[in-house]
Each structure stands twice: as structure tokens, then as C-alpha cells.
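Only one chain is shown below, in C-alpha cells, and it's the form predicted alone.
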Amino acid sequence: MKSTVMKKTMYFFAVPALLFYLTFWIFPITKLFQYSVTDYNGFAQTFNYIGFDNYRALFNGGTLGNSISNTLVYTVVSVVAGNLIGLALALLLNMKIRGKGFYRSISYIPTLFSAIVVGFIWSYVYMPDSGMIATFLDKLGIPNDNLNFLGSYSSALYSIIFVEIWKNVGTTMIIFLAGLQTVPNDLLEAGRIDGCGGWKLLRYVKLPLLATSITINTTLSLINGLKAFDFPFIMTNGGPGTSTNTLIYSIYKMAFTEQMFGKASALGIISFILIIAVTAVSVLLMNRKEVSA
């Protein structure tokens, strides 16, 4: 009887967390749905319900398509390149080399800095005239008159993606490195005895055993890419033009710069559905590969 009472009272410990979840997650999402069908500007206490006009305006205009395109490019490049570089670093730093603890620490250091610090540092690095890259090329005698990474429509997005990868590759590397520590040496030795070279050991032994690490890193990179906001905001303010407008940055700009809170809410709902759908499909596919591996 006593144990039954104790089990029931344990549910009361979940109440604070439930209240926190309802207040800061469910309630805002519900209000977002409400605002998405209004002309609310974020300031006036009165607003009109306009149905799905905000959604129609988004689909008929160019903002949604441009934002989705930039976000998908940002996500795909950061996921693929970030994971390949992280895996390469993990494989390299898992070898028996002198000072590998030092190199592991150096590789992880960028992760410790905030996005604001990293954004400002790389904004200086990318400066056309007096930035680090321009100065280095000038010392080598290489012309850099047309060098403008963040000011060029074609290179701005990829320059920001590189910064995203640089900042997060340490986390990716650590997760892969942890996975490599679990690969049995006996299995690797058996593969070498059977005549497997380095590539075959990687492909047929190490990668299948890294399936969980690959799933974790891919999911984290996917989420970071789909909700990209920090670096487009800090480094380019969405420019030049709309070349670095991501979904989250477009929501911010629409709501707090253009005072179209209702339309921004509609874009937020679309972004929410897109991010959930892409992440869910990716996780399901990765889990299936884990099981088959």
C-alpha cells in the first residue's frame, strides 16, 4: 500500500517540468498559429483575422522560395562537408601519432566560442582590403583586388557555411572519435590478416560500426543547418541582396524589421513543418541503415 502511494506522489515531481513545457513551448506555438492568420504587426493590441492571406502572399512572393533554397543549400553543404571533415580528423587523430591529445584539443577549441565571437572574427578574416586572407595574399604578391567573400552574391552563402563547419567540426570529430574507440582491435587485426587494406577496413569494418555516430552527427548538423540564423545575421545581415537569407533570418527580418508579425508567424509555421519533416525523414532513414548495418 505504501509503495502504491509513493508511486502516485512521484507524478507531482513532473508538474514543474510540465508547466515549463506548456508555458514556453505549447503556448507560444499555439499563439503562432493564431497570429499567422492575422495582420498583427507585433505592437498594436488590436488586429484583424485575414484567413490564409499571409500564406498565399508567401507562396506567391519570392521570399519563401529564396529562403528555402538558401537554407537547403546551407544544410546540405554543412552536413556533407562537415561530417566528411569531422570523420577525416577523427581517423587521423585516432592514429598513433605524437601529441595527438594536443591536436584533439586544438581541433575542439572553435566549438567553445560563441557564434557572435566566431562571426566577428571571420568577418575580419574575410575583409576585402585589410583582412587576414587579403593581407596574406598581399604578402605573397597575389592580386586580391576583386576579393570580397561576404560582398559577392555568389560566394557570401558558401563563406558563411565554411564558418559554420569550422565552428562545429570539433563536436563532429569528438563524436566520431568516441565511436572509433569502440571498434574492437581484434576485428581490425582479423581484417588485416584477411588482406584488407586501409580503405577496405574503413568501408567494411569501421563505417558500419560508426553507424550510430553517423546518425547523431548527421542529425545535429541537419538541425543546425535548417535553423541557421547566427552567422547570416552577424556577418552579412542577410545580404548582399537576399543571397544569405535563411528561413529563420527571414522570419526575424519580417517580424522585427518590417513589422509584419502575422506574415512572419505564417513563415514560422511553414518553417516548423519543413524542419520537422526533413529531420524526421532523415532520422528514420539513418535508423534503418543502422539496423541493416
Partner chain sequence: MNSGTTAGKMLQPEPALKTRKPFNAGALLKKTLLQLLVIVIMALNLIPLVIVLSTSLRSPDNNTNPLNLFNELSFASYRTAFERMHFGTALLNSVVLTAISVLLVVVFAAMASYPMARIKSRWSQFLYLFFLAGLVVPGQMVLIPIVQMINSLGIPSTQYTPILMFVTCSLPFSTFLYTGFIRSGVPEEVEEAAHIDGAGLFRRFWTVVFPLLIPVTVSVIITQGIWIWNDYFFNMTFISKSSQSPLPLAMLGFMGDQQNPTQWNVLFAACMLCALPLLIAFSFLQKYFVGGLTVGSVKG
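Computed from a prediction, not measured in an experiment: that's the story for all the values here. Numbering follows the first chain given and starts at 1. Each form is matched to the other, and the largest set of C-alpha atoms that superpose within 1.5 Å is called the rigid core.
Quick note: we don't show the form predicted in complex with the partner chain, though the next part is all about it.
Looking at R56, you'd find every heavy atom of it more than 4.5 angstroms from the partner chain in the predicted bound form. Taking the partner from elsewhere, I276 is found to have a heavy atom lying within 4.5 Å of the partner chain in the predicted bound form. Of the heavy atoms in Y49, none are within 4.5 Å of the partner chain in the predicted bound form. Although the partner is absent from this view, S114 contacts the partner chain in the predicted bound form, with a non-hydrogen atom inside 4.5 angstroms.
Residue-level contacts in the predicted bound form: of Y204, Y158, Y153, Y103, one residue has a heavy atom within 4.5 Å of the partner chain, and it is Y103. Interface residues of 34-54, taken as those with a heavy atom within 4.5 Å of the partner chain in the predicted bound form (partner not displayed): Y35, Y40, G42, in sequence order. Superposed on the core, the two forms barely differ at F20: its CA moves less than 2 Å between this form and the one not shown.
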